[in-house]
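Single chain ahead, written as structure tokens, the form predicted alone.
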Amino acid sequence: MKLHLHQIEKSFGSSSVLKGITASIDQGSFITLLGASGCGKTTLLRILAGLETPDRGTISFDGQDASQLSLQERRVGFVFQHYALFPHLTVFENIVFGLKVRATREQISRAAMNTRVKELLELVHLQNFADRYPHQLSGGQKQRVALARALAIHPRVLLLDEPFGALDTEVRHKLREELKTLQKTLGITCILVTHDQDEALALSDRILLLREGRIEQIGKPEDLYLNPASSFVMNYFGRTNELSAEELGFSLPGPILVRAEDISIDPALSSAALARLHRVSPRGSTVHLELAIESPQGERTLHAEIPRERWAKHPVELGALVSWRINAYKNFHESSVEPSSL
């Protein structure tokens, strides 16, 4: 289903939460609403679900005004962070619940409902857990039940509100991979709310980055990372150094932003730009370095990130002097970012 949002605004009392959100979402795409707590992403998701009403603006589902559709007619599946399973119902009964509600209107047979639930149990790898109750399941299994229940009604769009937030890292990564595979297999439109940058980069076809109720940038994950539209976007993804043009000898207005991976070091002191190694933090395939440099404002910290294999070949002792240089940087003339299409 294709969705279009036009100038969506929402306030709670004197607090303006959404400020003119405009975007189009294509059928079968995986979209992430990304941003810090309080930026409006969950409110926007609830408006899409019909659980909140915008103060102004319109939403259309396949060209039809969503305000004219009931919650049932929208056919939206919703997966919450804390599962929201019925504790007194089995896994099978939790999944079939939404189908029973639809059955009273659409004359769905019991046999058809049972077949649908069995298909979903296999889809989420819980075919051997149909008779268990929620308290007998792990966190990851509960979230699989919640996902299957949301899919049971053949939703036109699947909304997910930080569904992996309560899970440990290993389970979260596994479920992320399963969700992406499932979404592409079913061809369903998914809209995910998260504040986790890694999650957004791993799952999304497009990211809608919100800042204080407005769209800061929309685009493919690699576009937001490689071609950020503002310093806010650049700072949101990965470790970034903010340096003044004065201390670098650049004749540019405003600060110079440099990602940690775009700082390289040389123990041979090949340039006049020197730094003292203050801290080394191995992080998987990379090594994070904290360097102390002198600036007109006094000593400050510079962050660098280099591949582990490069560090292994040329390690540097703590306290040693190294040369450093910038391989790439961004300089922004800040202005408002116009909303664009997903």
Partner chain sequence: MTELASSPSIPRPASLTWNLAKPLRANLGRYILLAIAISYGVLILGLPLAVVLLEAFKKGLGSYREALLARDALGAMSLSLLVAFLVVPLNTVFGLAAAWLLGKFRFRGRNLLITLIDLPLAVSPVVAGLMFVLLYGAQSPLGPWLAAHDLKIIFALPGIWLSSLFVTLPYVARELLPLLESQGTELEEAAALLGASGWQNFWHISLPRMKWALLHGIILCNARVLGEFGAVSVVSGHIRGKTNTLPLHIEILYNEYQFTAAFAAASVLAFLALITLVFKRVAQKHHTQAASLSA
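Remember, it's a predicted structure, so these values are computed and weren't measured experimentally. Residue numbers count along the first chain shown, from 1.
The form predicted together with its partner chain exists for this protein as well; it is not shown, and the discussion that follows is about that form.
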Original post:
Of the listed stretches (203-211, 181-189, 84-92, 223-231), which one has a non-hydrogen atom within 4.5 Å of its partner chain in the model of the complex?
Top reply: 84-92
**OP:** Considering only heavy atoms, tell me if residue 235 and its partner chain come within 4.5 Å of each other in the model of the complex.
**Re:** no
**OP:** Considering only heavy atoms, tell me if residue 243 and its partner chain come within 4.5 Å of each other in the model of the complex.
**Re:** no
Original post:
Just to confirm, residue 71 within 4.5 Å of its partner chain in the model of the complex by heavy atoms?
Top reply: yes
Subject >> 4.5 Å heavy atom contact, residue 129 to its partner chain in the model of the complex >> reply: no
Original post:
Mind checking whether each of 140, 144 and 172 has a heavy atom within 4.5 Å of its partner chain in the model of the complex?
Top reply: no
Original post:
Of these, 292, 316, 280, 49, which has a heavy atom no more than 4.5 Å from its partner chain in the model of the complex?
Top reply: 49
Subject >> The single option of 111, 269, 101, 252 touching its partner chain in the model of the complex, heavy atom within 4.5 Å >> reply: 101
